[in-house]
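Next up: just one chain, as structure tokens, the form predicted on its own.
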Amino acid sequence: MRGRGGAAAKGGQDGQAGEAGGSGQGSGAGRLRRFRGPQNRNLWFWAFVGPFAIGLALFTYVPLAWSVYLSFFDAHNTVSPTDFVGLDNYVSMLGDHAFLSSLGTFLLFTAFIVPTTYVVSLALALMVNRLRFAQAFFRSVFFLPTACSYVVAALIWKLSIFNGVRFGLANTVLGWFGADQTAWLSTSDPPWYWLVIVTVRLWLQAGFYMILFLAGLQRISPRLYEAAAVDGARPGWQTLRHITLPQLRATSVAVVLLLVINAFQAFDEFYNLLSDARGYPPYARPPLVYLYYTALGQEQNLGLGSAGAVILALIIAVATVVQARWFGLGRKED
């Protein structure tokens, strides 16, 4: 009896151990199935998104975090500083007249480029949307400059259109009418360089915002225009003002936000248009050009440049939030 009882107890313990092992294996398999998702959808998701997420972390978030770290150190000619200076770099940047002047250059550039691009891209969208034939062709033609490099476009504007005093398409056309030749990029009184900078940026980005407006226009129901015509609304400005623009409100807010953010990030056209063998002139320096020379110039003050970059990022964030609140972005329509 004792032997049978011992054997039974041992068998019961082995059975419990087997059940526990089986439940452990089952829970592990269940977690694995949940991780994979139905039909391994989670694995496919990470297979496609994983490389992009890794690249985004390595080439965007890690450099951003390291830039913030450098802004609190005296980092001359090094990316691994040891001399902690606290907020001294930020105080120096906010008290630097050249940096404040670069912010003024940005404000002036924004005052030129934002309304101009908005009006031109909206006008192009309205014209393309009214076409009854070859709409895809004209949409592609106007969008094509978006694929052009900013550097290439700036060099074309500088070397072919607004080149020197005696050369270039612009001076050739002026010569036909007997007008004086103009040094477009080397004179600051009057500041003709603004015409060159604004036109090259306008040519490069108007097509992209035209596509956004086109998408908004195609979402407007034709019944609204039919009802307006029945009520006596005349086509043209009256219809545009009371129907089209209110229906494009969300698109307009997004376009303005993107235009302001892109204006903050202006660098390629300024640098490639105005710089030469002697360097960059003292006028028309946007924030990124100034920070470029601060961090990678003769002194290579990476700490000071990083502090300026953080300040610029904070200004962009605050300006974006203020604009979004002002325009009511995300607010439910009445």
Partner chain sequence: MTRDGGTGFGIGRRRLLATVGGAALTGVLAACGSNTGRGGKGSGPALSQWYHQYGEPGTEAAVKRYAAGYDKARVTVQWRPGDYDRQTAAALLTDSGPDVFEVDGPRLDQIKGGQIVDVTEQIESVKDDFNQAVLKPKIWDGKIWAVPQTIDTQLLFYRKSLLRAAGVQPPQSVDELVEAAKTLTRHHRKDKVKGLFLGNDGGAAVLGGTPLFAAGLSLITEDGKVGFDDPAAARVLGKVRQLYADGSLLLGAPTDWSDPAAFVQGLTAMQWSGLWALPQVKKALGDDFGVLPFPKDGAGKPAVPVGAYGSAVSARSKHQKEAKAFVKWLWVDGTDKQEDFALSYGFHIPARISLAKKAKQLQEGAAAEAVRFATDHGFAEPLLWTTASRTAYQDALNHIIKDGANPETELKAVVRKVNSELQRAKKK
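Computed from a predicted model, the values in this text were never measured in an experiment. Positions refer to the first chain, counted from 1.
The same protein also exists as the form predicted together with its partner chain; that form is not shown, yet it is the one meant from here on.
Only one of A233, L108, A183, L224 lies close to its partner chain in the model of the complex, with a heavy atom inside 4.5 Å, and it is A183. With the partner omitted from this view, the residue of S102, T251, N163, T244 that lies near its partner chain in the model of the complex is N163 [heavy atom within 4.5 Å]. Considering its partner chain in the model of the complex, the lone stretch of 207 to 215, 113 to 121, 137 to 145, 68 to 76 in range is 68 to 76 [heavy atom distance within 4.5 Å]. None of the heavy atoms of W46 is located within 4.5 Å of its partner chain in the model of the complex. Although the partner is absent from this view, W192 stays clear of its partner chain in the model of the complex, with no non-hydrogen atom inside 4.5 angstroms. Within this chain, Q300 lines the site of its partner chain in the model of the complex, having a heavy atom no more than 4.5 Å away.
For G279, a non-hydrogen atom is located within 4.5 Å of its partner chain in the model of the complex, even though that partner is not displayed. For the three residues T187, Y293 and L296, a heavy atom within 4.5 Å of its partner chain turns up in the model of the complex in every case. Contacts to its partner chain in the model of the complex (heavy atom within 4.5 Å) from stretch 147 to 162: L159 only.
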